[in-house]
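First, one chain by itself in C-alpha coordinates, the form predicted on its own.
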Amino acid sequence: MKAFWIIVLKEIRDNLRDRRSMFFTLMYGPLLLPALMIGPLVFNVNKHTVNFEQPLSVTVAGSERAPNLMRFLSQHNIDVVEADENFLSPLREGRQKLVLEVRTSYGDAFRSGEPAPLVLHYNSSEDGADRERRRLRGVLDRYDEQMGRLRFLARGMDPQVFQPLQISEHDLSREMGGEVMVGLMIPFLLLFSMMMGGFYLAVDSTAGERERLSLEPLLVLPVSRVHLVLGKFTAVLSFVLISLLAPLLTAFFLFNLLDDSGFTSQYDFSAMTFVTAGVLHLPVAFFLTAFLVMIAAFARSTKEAQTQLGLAMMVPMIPFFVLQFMDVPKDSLTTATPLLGQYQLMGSIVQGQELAWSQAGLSMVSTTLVAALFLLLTIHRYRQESLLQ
(Lines give C-alpha, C1' and ligand atoms only; values in the text may rest on other atoms or scores of the structure.)
Protein backbone atom coordinates (compact mmCIF):
# COMPACT_ATOMS: atom_id res chain seq x y z
CA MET A 1 0.00 0.00 0.00
CA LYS A 2 2.96 2.34 0.52
CA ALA A 3 3.73 2.20 -3.20
CA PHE A 4 0.08 2.95 -3.94
CA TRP A 5 0.13 6.17 -1.89
CA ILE A 6 3.46 7.21 -3.36
CA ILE A 7 1.94 7.02 -6.84
CA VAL A 8 -1.18 8.93 -5.71
CA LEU A 9 0.84 11.74 -4.17
CA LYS A 10 3.18 11.87 -7.18
CA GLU A 11 0.29 12.30 -9.62
CA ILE A 12 -1.44 14.90 -7.45
CA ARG A 13 1.79 16.86 -7.02
CA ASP A 14 2.44 16.82 -10.78
CA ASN A 15 -1.10 18.00 -11.48
CA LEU A 16 -0.86 20.84 -8.95
CA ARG A 17 2.04 22.23 -10.98
CA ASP A 18 -0.12 22.39 -14.12
CA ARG A 19 -1.84 25.79 -14.07
CA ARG A 20 -4.18 24.90 -16.92
CA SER A 21 -5.39 21.80 -15.12
CA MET A 22 -5.90 23.68 -11.86
CA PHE A 23 -7.85 26.40 -13.69
CA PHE A 24 -10.37 23.90 -15.05
CA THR A 25 -10.52 22.02 -11.74
CA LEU A 26 -10.86 24.95 -9.33
CA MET A 27 -12.18 27.82 -11.47
CA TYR A 28 -13.93 26.74 -14.66
CA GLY A 29 -16.10 23.89 -13.38
CA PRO A 30 -16.81 25.11 -9.85
CA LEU A 31 -17.26 28.84 -10.56
CA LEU A 32 -17.35 29.96 -14.19
CA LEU A 33 -19.53 27.17 -15.59
CA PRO A 34 -22.31 27.55 -12.96
CA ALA A 35 -22.18 31.32 -13.35
CA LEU A 36 -22.53 31.05 -17.14
CA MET A 37 -25.36 28.49 -16.96
CA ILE A 38 -27.33 29.48 -13.86
CA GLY A 39 -26.42 33.17 -13.56
CA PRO A 40 -28.48 34.37 -16.58
CA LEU A 41 -31.44 32.25 -15.42
CA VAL A 42 -31.36 33.78 -11.93
CA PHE A 43 -30.95 37.29 -13.36
CA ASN A 44 -33.83 36.99 -15.84
CA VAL A 45 -36.20 35.36 -13.36
CA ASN A 46 -35.54 38.05 -10.75
CA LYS A 47 -35.84 40.77 -13.37
CA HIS A 48 -39.15 39.65 -14.84
CA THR A 49 -40.87 38.09 -11.83
CA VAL A 50 -43.77 40.14 -10.46
CA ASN A 51 -44.38 39.74 -6.72
CA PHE A 52 -47.88 40.99 -5.93
CA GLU A 53 -47.29 40.68 -2.17
CA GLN A 54 -44.34 43.07 -2.06
CA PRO A 55 -45.24 46.73 -1.34
CA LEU A 56 -44.93 49.04 -4.35
CA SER A 57 -44.88 52.82 -4.37
CA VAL A 58 -46.56 54.38 -7.42
CA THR A 59 -46.72 58.04 -8.35
CA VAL A 60 -50.25 59.07 -9.36
CA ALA A 61 -51.29 62.27 -11.11
CA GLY A 62 -54.90 63.24 -10.31
CA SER A 63 -55.46 60.69 -7.53
CA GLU A 64 -58.30 62.84 -6.11
CA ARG A 65 -60.36 62.06 -9.23
CA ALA A 66 -60.52 58.33 -8.45
CA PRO A 67 -60.74 57.80 -4.67
CA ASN A 68 -62.22 54.29 -4.95
CA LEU A 69 -59.45 53.21 -7.29
CA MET A 70 -56.83 54.60 -4.89
CA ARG A 71 -58.32 52.57 -2.03
CA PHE A 72 -58.28 49.47 -4.25
CA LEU A 73 -54.59 50.04 -5.02
CA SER A 74 -53.85 50.46 -1.32
CA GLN A 75 -55.60 47.16 -0.55
CA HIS A 76 -53.20 45.45 -3.00
CA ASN A 77 -49.99 46.73 -1.35
CA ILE A 78 -49.58 49.71 -3.67
CA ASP A 79 -48.76 53.00 -1.93
CA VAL A 80 -49.97 56.07 -3.79
CA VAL A 81 -47.66 59.09 -4.01
CA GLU A 82 -49.03 62.34 -5.44
CA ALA A 83 -47.22 63.42 -8.62
CA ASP A 84 -45.73 66.84 -9.26
CA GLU A 85 -47.37 69.18 -11.71
CA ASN A 86 -44.78 68.43 -14.39
CA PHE A 87 -44.66 64.68 -13.76
CA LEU A 88 -43.26 63.69 -17.19
CA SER A 89 -39.87 65.35 -16.65
CA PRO A 90 -38.73 62.97 -13.86
CA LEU A 91 -39.69 60.08 -16.14
CA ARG A 92 -37.62 61.34 -19.05
CA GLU A 93 -34.66 62.06 -16.76
CA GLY A 94 -34.80 58.60 -15.20
CA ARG A 95 -35.65 59.80 -11.68
CA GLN A 96 -38.95 57.92 -11.81
CA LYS A 97 -39.95 54.65 -13.46
CA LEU A 98 -43.73 54.85 -13.56
CA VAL A 99 -46.56 57.39 -13.26
CA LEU A 100 -50.31 56.64 -13.35
CA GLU A 101 -52.31 59.55 -14.74
CA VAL A 102 -56.03 59.84 -13.97
CA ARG A 103 -57.43 62.01 -16.75
CA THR A 104 -59.75 64.92 -15.93
CA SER A 105 -62.65 63.19 -17.71
CA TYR A 106 -62.29 60.07 -15.55
CA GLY A 107 -65.09 60.94 -13.08
CA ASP A 108 -67.66 61.96 -15.66
CA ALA A 109 -66.96 58.94 -17.85
CA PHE A 110 -67.11 56.56 -14.90
CA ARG A 111 -70.46 57.94 -13.66
CA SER A 112 -71.98 57.78 -17.13
CA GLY A 113 -70.97 54.16 -17.62
CA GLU A 114 -68.37 54.93 -20.27
CA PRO A 115 -64.74 53.74 -20.28
CA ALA A 116 -62.84 55.91 -17.79
CA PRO A 117 -59.41 56.96 -19.16
CA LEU A 118 -56.21 56.06 -17.32
CA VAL A 119 -52.70 56.45 -18.74
CA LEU A 120 -49.62 54.54 -17.62
CA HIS A 121 -46.49 56.58 -18.27
CA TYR A 122 -43.23 54.67 -17.84
CA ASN A 123 -39.61 54.74 -18.93
CA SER A 124 -38.77 51.30 -20.34
CA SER A 125 -35.05 52.09 -20.38
CA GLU A 126 -34.99 52.12 -16.57
CA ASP A 127 -34.24 48.84 -14.83
CA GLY A 128 -37.35 47.45 -13.15
CA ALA A 129 -39.78 49.80 -14.92
CA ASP A 130 -41.42 47.05 -16.95
CA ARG A 131 -41.83 44.83 -13.88
CA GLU A 132 -43.53 47.66 -11.95
CA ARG A 133 -45.73 48.42 -14.98
CA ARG A 134 -46.90 44.80 -15.21
CA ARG A 135 -47.54 44.74 -11.46
CA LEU A 136 -49.69 47.89 -11.61
CA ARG A 137 -51.41 46.81 -14.84
CA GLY A 138 -52.36 43.50 -13.25
CA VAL A 139 -54.03 45.26 -10.30
CA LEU A 140 -55.81 47.72 -12.62
CA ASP A 141 -57.12 44.81 -14.70
CA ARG A 142 -58.57 43.29 -11.54
CA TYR A 143 -60.29 46.57 -10.72
CA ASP A 144 -61.57 46.82 -14.30
CA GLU A 145 -63.06 43.31 -14.08
CA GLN A 146 -64.64 44.03 -10.71
CA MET A 147 -66.22 47.28 -11.91
CA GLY A 148 -67.51 45.55 -15.04
CA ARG A 149 -69.32 42.94 -12.96
CA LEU A 150 -70.82 45.60 -10.72
CA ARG A 151 -72.14 47.50 -13.76
CA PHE A 152 -73.90 44.35 -14.99
CA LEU A 153 -75.45 43.77 -11.56
CA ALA A 154 -76.58 47.41 -11.32
CA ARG A 155 -78.54 46.90 -14.53
CA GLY A 156 -80.14 43.72 -13.26
CA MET A 157 -77.97 41.44 -15.41
CA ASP A 158 -75.98 38.42 -14.30
CA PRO A 159 -72.35 38.70 -15.54
CA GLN A 160 -72.27 34.92 -15.99
CA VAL A 161 -74.75 35.29 -18.87
CA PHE A 162 -71.83 36.52 -20.96
CA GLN A 163 -69.76 33.47 -20.03
CA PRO A 164 -71.57 30.63 -21.85
CA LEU A 165 -68.70 28.17 -21.28
CA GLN A 166 -66.79 27.24 -18.14
CA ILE A 167 -63.55 25.71 -19.36
CA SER A 168 -61.15 24.04 -16.95
CA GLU A 169 -57.81 22.42 -17.65
CA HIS A 170 -56.43 19.50 -15.67
CA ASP A 171 -52.88 18.47 -16.48
CA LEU A 172 -52.10 15.02 -15.08
CA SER A 173 -48.46 15.20 -16.06
CA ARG A 174 -46.02 15.63 -13.19
CA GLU A 175 -43.60 17.51 -15.41
CA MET A 176 -43.74 20.82 -17.22
CA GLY A 177 -41.51 21.94 -20.08
CA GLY A 178 -39.58 24.44 -18.00
CA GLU A 179 -39.25 22.04 -15.09
CA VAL A 180 -37.66 19.43 -17.34
CA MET A 181 -35.08 21.95 -18.51
CA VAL A 182 -34.16 23.13 -15.00
CA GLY A 183 -34.11 19.54 -13.73
CA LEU A 184 -31.59 18.56 -16.40
CA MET A 185 -29.41 21.61 -15.82
CA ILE A 186 -27.91 20.46 -12.50
CA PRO A 187 -26.70 16.98 -13.62
CA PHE A 188 -25.39 18.47 -16.88
CA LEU A 189 -23.44 21.05 -14.89
CA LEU A 190 -21.99 18.42 -12.54
CA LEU A 191 -21.06 15.95 -15.28
CA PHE A 192 -19.38 18.55 -17.45
CA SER A 193 -17.50 19.98 -14.47
CA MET A 194 -16.24 16.53 -13.43
CA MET A 195 -15.10 15.77 -16.97
CA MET A 196 -13.11 18.99 -17.10
CA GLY A 197 -11.70 18.46 -13.61
CA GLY A 198 -10.12 15.10 -14.48
CA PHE A 199 -9.38 15.69 -18.16
CA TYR A 200 -5.79 16.95 -18.06
CA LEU A 201 -4.54 14.72 -15.26
CA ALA A 202 -5.97 11.66 -17.03
CA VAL A 203 -4.14 12.65 -20.24
CA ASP A 204 -0.90 13.34 -18.41
CA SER A 205 -0.99 10.20 -16.25
CA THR A 206 -0.47 7.79 -19.16
CA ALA A 207 -0.04 9.42 -22.57
CA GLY A 208 1.92 12.33 -21.11
CA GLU A 209 4.29 10.09 -19.18
CA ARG A 210 4.78 7.91 -22.26
CA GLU A 211 5.92 10.95 -24.29
CA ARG A 212 8.17 12.19 -21.47
CA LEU A 213 9.70 8.68 -21.29
CA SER A 214 8.88 8.49 -17.58
CA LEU A 215 6.33 5.70 -17.86
CA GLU A 216 8.87 2.91 -18.56
CA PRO A 217 10.95 3.59 -15.39
CA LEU A 218 7.70 3.61 -13.45
CA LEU A 219 6.66 0.24 -14.87
CA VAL A 220 9.96 -1.46 -13.96
CA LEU A 221 9.59 -0.55 -10.29
CA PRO A 222 8.54 -3.36 -7.91
CA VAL A 223 4.93 -2.13 -7.98
CA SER A 224 2.05 -4.26 -9.17
CA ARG A 225 0.16 -2.99 -12.19
CA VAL A 226 -3.02 -3.05 -10.12
CA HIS A 227 -1.55 -0.67 -7.53
CA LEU A 228 -0.14 1.49 -10.32
CA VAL A 229 -3.53 1.88 -12.04
CA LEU A 230 -5.39 2.35 -8.77
CA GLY A 231 -2.89 5.02 -7.73
CA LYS A 232 -3.41 6.98 -10.94
CA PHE A 233 -7.17 6.39 -10.71
CA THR A 234 -7.30 7.72 -7.13
CA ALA A 235 -5.29 10.81 -8.07
CA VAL A 236 -7.66 11.66 -10.94
CA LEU A 237 -10.65 10.84 -8.75
CA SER A 238 -9.55 13.36 -6.11
CA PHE A 239 -9.76 16.20 -8.65
CA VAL A 240 -13.01 14.87 -10.10
CA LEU A 241 -14.56 14.91 -6.62
CA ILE A 242 -13.45 18.51 -6.13
CA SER A 243 -15.12 19.31 -9.45
CA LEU A 244 -18.29 17.63 -8.14
CA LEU A 245 -18.54 19.25 -4.70
CA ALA A 246 -17.49 22.79 -5.62
CA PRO A 247 -20.14 23.43 -8.33
CA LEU A 248 -22.80 21.99 -5.99
CA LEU A 249 -21.98 24.76 -3.51
CA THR A 250 -21.89 27.40 -6.26
CA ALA A 251 -25.20 26.24 -7.78
CA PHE A 252 -26.86 26.18 -4.35
CA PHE A 253 -25.73 29.75 -3.71
CA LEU A 254 -26.89 30.99 -7.14
CA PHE A 255 -30.30 29.31 -7.05
CA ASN A 256 -30.96 30.73 -3.60
CA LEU A 257 -30.47 34.23 -5.00
CA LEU A 258 -33.85 33.81 -6.70
CA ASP A 259 -36.62 36.00 -5.30
CA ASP A 260 -39.59 34.23 -3.74
CA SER A 261 -42.01 33.87 -6.62
CA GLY A 262 -44.14 31.45 -8.57
CA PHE A 263 -40.98 30.21 -10.28
CA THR A 264 -39.26 29.14 -7.07
CA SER A 265 -42.45 27.49 -5.79
CA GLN A 266 -42.29 25.04 -8.72
CA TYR A 267 -38.83 23.78 -7.82
CA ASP A 268 -36.95 22.54 -4.80
CA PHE A 269 -33.59 24.28 -4.47
CA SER A 270 -33.12 23.39 -0.81
CA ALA A 271 -29.85 22.19 0.68
CA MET A 272 -31.21 18.62 0.79
CA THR A 273 -31.68 18.68 -3.00
CA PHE A 274 -28.01 19.43 -3.54
CA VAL A 275 -26.90 16.93 -0.87
CA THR A 276 -28.95 14.27 -2.65
CA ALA A 277 -27.43 15.34 -5.96
CA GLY A 278 -23.95 14.85 -4.50
CA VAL A 279 -24.81 11.37 -3.22
CA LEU A 280 -26.37 10.33 -6.55
CA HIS A 281 -23.33 11.53 -8.48
CA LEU A 282 -20.65 9.87 -6.33
CA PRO A 283 -20.80 6.69 -8.47
CA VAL A 284 -20.73 8.95 -11.53
CA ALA A 285 -17.44 10.39 -10.26
CA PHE A 286 -16.01 6.84 -10.23
CA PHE A 287 -17.55 6.17 -13.65
CA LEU A 288 -16.12 9.29 -15.31
CA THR A 289 -12.71 8.87 -13.66
CA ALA A 290 -12.42 5.27 -14.86
CA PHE A 291 -13.68 6.34 -18.28
CA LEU A 292 -11.06 9.10 -18.60
CA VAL A 293 -8.19 6.94 -17.35
CA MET A 294 -9.16 4.09 -19.69
CA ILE A 295 -9.26 6.30 -22.79
CA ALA A 296 -5.91 7.88 -21.88
CA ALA A 297 -4.37 4.42 -21.37
CA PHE A 298 -5.37 3.23 -24.84
CA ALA A 299 -4.24 6.43 -26.59
CA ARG A 300 -0.79 6.29 -28.24
CA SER A 301 0.11 9.96 -27.71
CA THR A 302 -0.94 13.04 -25.79
CA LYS A 303 -2.46 14.55 -28.91
CA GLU A 304 -4.47 11.40 -29.60
CA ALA A 305 -5.61 11.26 -25.95
CA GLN A 306 -6.71 14.89 -26.04
CA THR A 307 -8.62 14.28 -29.27
CA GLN A 308 -10.35 11.19 -27.94
CA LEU A 309 -11.15 12.77 -24.60
CA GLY A 310 -12.36 15.88 -26.39
CA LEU A 311 -14.89 13.69 -28.19
CA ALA A 312 -15.66 12.00 -24.86
CA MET A 313 -16.74 15.39 -23.50
CA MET A 314 -19.90 14.84 -25.54
CA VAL A 315 -20.88 11.97 -23.23
CA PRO A 316 -22.56 14.20 -20.57
CA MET A 317 -24.49 15.98 -23.33
CA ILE A 318 -26.09 12.86 -24.83
CA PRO A 319 -28.62 12.17 -22.02
CA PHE A 320 -29.30 15.91 -21.76
CA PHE A 321 -30.47 16.16 -25.37
CA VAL A 322 -32.17 12.76 -25.33
CA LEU A 323 -34.39 13.70 -22.39
CA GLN A 324 -34.98 17.21 -23.67
CA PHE A 325 -36.27 16.16 -27.08
CA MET A 326 -37.58 12.64 -26.45
CA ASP A 327 -40.18 11.21 -24.10
CA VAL A 328 -38.11 8.58 -22.27
CA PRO A 329 -40.11 6.60 -19.67
CA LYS A 330 -38.59 6.26 -16.22
CA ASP A 331 -38.35 2.52 -15.69
CA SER A 332 -35.78 0.05 -14.35
CA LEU A 333 -33.91 -0.11 -17.67
CA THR A 334 -33.46 3.64 -18.14
CA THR A 335 -32.73 4.24 -14.46
CA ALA A 336 -30.00 1.58 -14.55
CA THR A 337 -28.35 3.29 -17.52
CA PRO A 338 -25.33 5.30 -16.29
CA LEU A 339 -25.77 9.08 -16.59
CA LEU A 340 -29.29 8.76 -18.03
CA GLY A 341 -30.56 7.48 -14.69
CA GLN A 342 -28.96 10.38 -12.81
CA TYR A 343 -30.56 12.87 -15.19
CA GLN A 344 -34.01 11.34 -14.68
CA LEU A 345 -33.70 11.12 -10.89
CA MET A 346 -32.44 14.70 -10.58
CA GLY A 347 -35.32 15.91 -12.75
CA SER A 348 -37.75 14.41 -10.25
CA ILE A 349 -35.90 15.77 -7.21
CA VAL A 350 -35.78 19.34 -8.52
CA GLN A 351 -39.54 19.18 -9.10
CA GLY A 352 -40.02 18.39 -5.42
CA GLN A 353 -40.95 14.74 -5.93
CA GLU A 354 -39.91 12.17 -3.35
CA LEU A 355 -36.85 10.20 -4.40
CA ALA A 356 -37.48 6.51 -5.09
CA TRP A 357 -34.48 5.01 -3.32
CA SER A 358 -34.96 1.68 -5.07
CA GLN A 359 -34.42 3.40 -8.42
CA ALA A 360 -31.59 5.49 -6.97
CA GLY A 361 -29.88 2.38 -5.62
CA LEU A 362 -30.25 0.62 -8.96
CA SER A 363 -28.73 3.62 -10.74
CA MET A 364 -25.81 3.91 -8.32
CA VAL A 365 -25.01 0.18 -8.38
CA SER A 366 -25.14 -0.11 -12.18
CA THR A 367 -22.96 2.99 -12.61
CA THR A 368 -20.40 1.63 -10.13
CA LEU A 369 -20.30 -1.73 -11.93
CA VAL A 370 -19.62 -0.08 -15.29
CA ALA A 371 -16.89 2.01 -13.62
CA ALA A 372 -15.33 -1.21 -12.31
CA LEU A 373 -15.43 -2.67 -15.82
CA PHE A 374 -13.57 0.37 -17.21
CA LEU A 375 -11.02 0.03 -14.43
CA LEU A 376 -10.44 -3.66 -15.21
CA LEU A 377 -9.90 -2.82 -18.89
CA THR A 378 -7.34 -0.19 -17.86
CA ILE A 379 -5.48 -2.72 -15.65
CA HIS A 380 -5.49 -5.16 -18.55
CA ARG A 381 -4.03 -2.46 -20.79
CA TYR A 382 -1.24 -1.72 -18.28
CA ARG A 383 -0.29 -5.39 -18.26
CA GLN A 384 0.30 -5.36 -22.00
CA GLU A 385 3.83 -4.79 -23.35
CA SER A 386 2.35 -2.64 -26.14
CA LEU A 387 1.54 0.04 -23.56
CA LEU A 388 4.94 1.65 -24.17
CA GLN A 389 4.65 1.64 -27.97
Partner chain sequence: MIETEQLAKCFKAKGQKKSRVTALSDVSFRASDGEITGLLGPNGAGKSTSLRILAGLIRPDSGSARVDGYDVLKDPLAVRRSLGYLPHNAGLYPRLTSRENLVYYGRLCGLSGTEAKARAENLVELLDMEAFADRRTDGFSQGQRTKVALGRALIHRPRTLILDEPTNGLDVMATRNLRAILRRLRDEGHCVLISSHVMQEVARLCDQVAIISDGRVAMTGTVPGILEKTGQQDLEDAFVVAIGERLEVSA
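Positions refer to the first chain, counted from 1. In this text the structure is predicted, and so the values were computed from the model without any measurement.
Missing here is the form predicted in complex with the partner chain; even so, the following discussion is about that form.
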Decide whether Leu219 counts as a contact residue for the partner chain in the predicted complex under a heavy atom distance cut-off of 4.5 Å. yes
Considering non-hydrogen atoms and a 4.5 Å limit, does the partner chain approach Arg225 in the predicted complex? yes
Would you check, heavy atoms only and a 4.5 Å threshold, whether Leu213 touches the partner chain in the predicted complex? yes
Answer for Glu209 alone: is it within 4.5 Å of the partner chain in the predicted complex, judged on heavy atom distances? yes
Establish, in the predicted complex, whether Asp141, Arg151 and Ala154 all lie within 4.5 Å of the partner chain, using non-hydrogen atoms for the distance. no
Among 117 to 125, 85 to 93, 201 to 209, 304 to 312, which stretch has residues whose heavy atoms lie within 4.5 Å of the partner chain in the predicted complex? 201 to 209
